[in-house]
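The chain below stands alone and is given in structure tokens; this is the form predicted alone.
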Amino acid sequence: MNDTHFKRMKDLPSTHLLGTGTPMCAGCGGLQAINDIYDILGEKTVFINAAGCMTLLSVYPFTPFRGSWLYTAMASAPAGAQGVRDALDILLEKKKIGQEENLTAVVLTGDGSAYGMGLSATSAAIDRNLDFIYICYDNEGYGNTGQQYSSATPHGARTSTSSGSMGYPGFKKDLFSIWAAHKPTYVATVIGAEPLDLARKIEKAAQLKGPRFIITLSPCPTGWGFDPQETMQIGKLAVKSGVWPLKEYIDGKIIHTKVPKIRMSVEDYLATQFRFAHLFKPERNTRLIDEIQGRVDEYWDHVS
């Protein structure tokens, strides 16, 4: 990215992030969601970005964010957000800045950090009632280093470190419930393929105070194995099949914001991605497909 290109980016009227000039994968579901999120949160933000795919947005000394941006190690983003928030509060108290210069601290991590390495720091931040927004782009693996399995990898998916005939033997961690158990101000799941639901939740989170958490499922063409132009379709299938429930936690209650009236088969979702191809060829693994379907059915059976 040269200076001329950067100046053109700065001159654009919206807060929209640009894929152009950033070394991100085509069809990145995480970037799709973050574009929409940033349109709402805007420039009065400090993004505390843990090591992961989205740190590739920066091309030193520039980033596509028109607000502020801070890089941290993978496990340290909530601690970094604490330092940013404390510094801003001190400056406000001493009247060295006014409210017009106040910024929102926004943590940005992948699932490797959110579900695993950074979970302890996140739990501690909630205990301190830190006033911040945490965004996790969940591509269900360590996407920046070759799609190794993470605590967010779904059962049966093949990754570079779970390449056997049955795929990943573990189960995706329920991060939504873990966060909600801490009783923060707000928790929500979103996906870029459902932009209205996403926008309503980000607008709600922006108006609240305290710990607020957003998990966005982020279809990953390179890690999941699909054509980049199919990102939107796969995102919609994740919702329509019930694999990715859209919901929010607020005031101690969990509300599902989009309930599929007629759920599609999980198989329709799995069959779109190479990471699940071994379930269908050379022979159909009916037992494992039915097991995955059964877990989704069991979840929705308990949704009133």
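Each residue number is its position in the shown sequence, starting from 1. The shown structure was predicted, so the numbers you read here are calculated from the model rather than taken from an experiment.
If you look for the form predicted together with a small molecule, you will not find it shown, but the lines that follow are about it.
- Site residues C53, M74 and Y142 are all in contact with the small molecule in the predicted bound form, judged by any heavy atom within 4.5 Å.
- When contacts are judged by a 4.5 Å heavy atom cut-off, D111 counts as touching the small molecule in the predicted bound form.
- Using a 4.5 angstroms threshold between heavy atoms, Y137 counts as touching the small molecule in the predicted bound form.
- The small molecule is not drawn, but in the predicted bound form it has a heavy atom within 4.5 Å of M117.
- Proximity to the small molecule in the predicted bound form, taken as heavy atoms within 4.5 Å, picks out 103 to 111 from the listed stretches 178 to 186, 103 to 111, 203 to 211, 90 to 98.
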